[in-house]
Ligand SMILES: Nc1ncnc2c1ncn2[C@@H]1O[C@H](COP(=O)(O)OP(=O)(O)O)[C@@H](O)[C@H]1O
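Just the one chain here, the form predicted on its own, laid out as structure tokens.
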């Protein structure tokens, strides 16, 4: 990773994991992980714990998993709780995060103190993860792409994203009123006004997130894709950023929503429409094209969050080289080589990531076998 006239010095990452301790997490009874500030390559056979290690980093940063919503499955079989403690360096300031999971609760501590909300905890250490399940960003339901928009909105417009929970509560009460008391229920006007006020502001956060993603995804896709493969991204907006328009639509859709048993208007109907050439990527992209496009989306997410925070977010790449031909793997490596983020890569074949020009602590390799982590050089 030496510098050259064509590759000016990449500034060091301003937030890095320095030491991570795992306890009763997935197949790890206990593990201590001391990564380098730049590129960390974790190798091992399938099923040994590579993905779980990245998941632990994501968990301690967000109190969530990037691969399941069934959080109790993160606790090692037979244990009563799991926890991950991370010592981080942010600029020149050392700090600590601890995330704990028991069957009934998730808890996060920032330097020993509990934040008011878990969303405040999740904003402290920006982190982006790619894993094979993320191919659903291209081929899956629109709800997966809406979650991507929300992850970006959390950083680019936190105030608007914060309206999401209040908007969803108001919608839930509106739907209950419709189904239990009908379209003339006296409390519907109040619920719809509240939903319109909160929903319009939340919709604006989604718009800003979509604009940020669309700005960055094109250049990222161009870096990874074969020459001549054209990408178009269109944001399909499900609601309005104007309170009056939002409220008017909710009123007009009462009958429809009562029969559907779900709202038909608002940010919950948003989508990102991805087109390769003349065809929708969702139905026509090959596996290799899906992976390239997904990577471009994740790198755009990384860029949006890094720009919003003012420093590079941490990047986790799980099994990134699978189903890519050598030239595309080389393109991915070039992105990693020039990234200012602290990067973690898992692979069954570490030779796929040659770094002959890496200096000293710029790269660290680790191996995992049966939940045991060791530096490999």
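These numbers were taken from a predicted model, which means no experiment stands behind them. Residue numbers count along the first chain shown, from 1.
Although it is not shown, the form predicted together with the named molecule is what the next lines describe.
Between 203-211, 68-76, 166-174, 104-112, the stretch whose residues reach within 4.5 angstroms of the named molecule in the predicted bound form through a non-hydrogen atom is 68-76. The putative spot formed by 62, 90 and 97 is not touched by the named molecule in the predicted bound form; no residue has a non-hydrogen atom within 4.5 angstroms of it. Contact check for residue 45: a heavy atom falls within 4.5 Å of the named molecule in the predicted bound form. When contacts are judged by a 4.5 Å heavy atom cut-off, residue 339 does not count as touching the named molecule in the predicted bound form.
With a 4.5 Å cutoff on heavy atoms, residue 49 counts as touching the named molecule in the predicted bound form. Though the partner is left out of this view, residue 329 does not reach within 4.5 Å of the named molecule in the predicted bound form, counting heavy atoms only.
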